[in-house]
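This document starts with one chain, in the form predicted on its own, laid out as structure tokens.
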Amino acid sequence: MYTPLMITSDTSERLIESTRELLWERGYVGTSPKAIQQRAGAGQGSMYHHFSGKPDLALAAIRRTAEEMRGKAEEQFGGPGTALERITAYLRRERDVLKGCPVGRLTQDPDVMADPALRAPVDETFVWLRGRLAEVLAEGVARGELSAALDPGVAAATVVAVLQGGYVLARAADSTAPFEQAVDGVLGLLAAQSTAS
């Protein structure tokens, strides 16, 4: 049965998903309400029925993107294997490298960074990512897989910085090679901390 509630939910979802795509492709300034409505196949009235305006819709889209990124990362972090194997799985998972990180790219958007509400889920995601990586690395140290000299917090921050920098280098070169080299490099540094012979 097709009820108005189903239409409402579907329209809201289309608006959020369209905004996510446009933010990744064009940034906040380049994402107009008209472009969102056109991509979502929704009218202006529908958009303003569900969201108070572009900032409210952008916040919903950014939160969804951040949640999705955390969910994908947790698949590897919570999976089987040693700490190094799980981090390797995370760093080598399939990504659209040349489009950049959908959350990391938002840090380059001055309008997102200038708005505390829009910036918050971006910052929270990177805080979570560094913390979760630090937990995985600390497990590796506690299990004797990694050197006791390894500082999990510092190593986690390094992994995140290298990953985000790899995206930037790949986009600048229009090639995934710099990203792959950055991942190989940080994994080599972590492997040097491995206690396995």
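In this text, residue numbers run from 1 along the sequence as written. Just so you know, these numbers come straight off a predicted model, no measurement behind them.
This next part talks about the form predicted together with the DNA, which is not shown.
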Worksheet, complete the sentence: For the DNA in the model of the complex, the stretch among 40 to 48, 64 to 72, 161 to 169, 140 to 148 with residues bearing a heavy atom within 4.5 Å is 40 to 48
Discussion item. With a cut-off of 4.5 Å between heavy atoms, is residue 33 one of the residues that contacts the DNA in the model of the complex?
Written reply: yes
Worksheet item: Do residue 176 and the DNA come within 4.5 Å of each other in the model of the complex, heavy atoms counted?
Response: no
Fill in: Close approach of residue 131 to the DNA in the model of the complex, 4.5 Å, heavy atom
no
Worksheet item: Are any of the heavy atoms in residue 53 no more than 4.5 Å from a heavy atom of the DNA in the model of the complex?
Response: yes
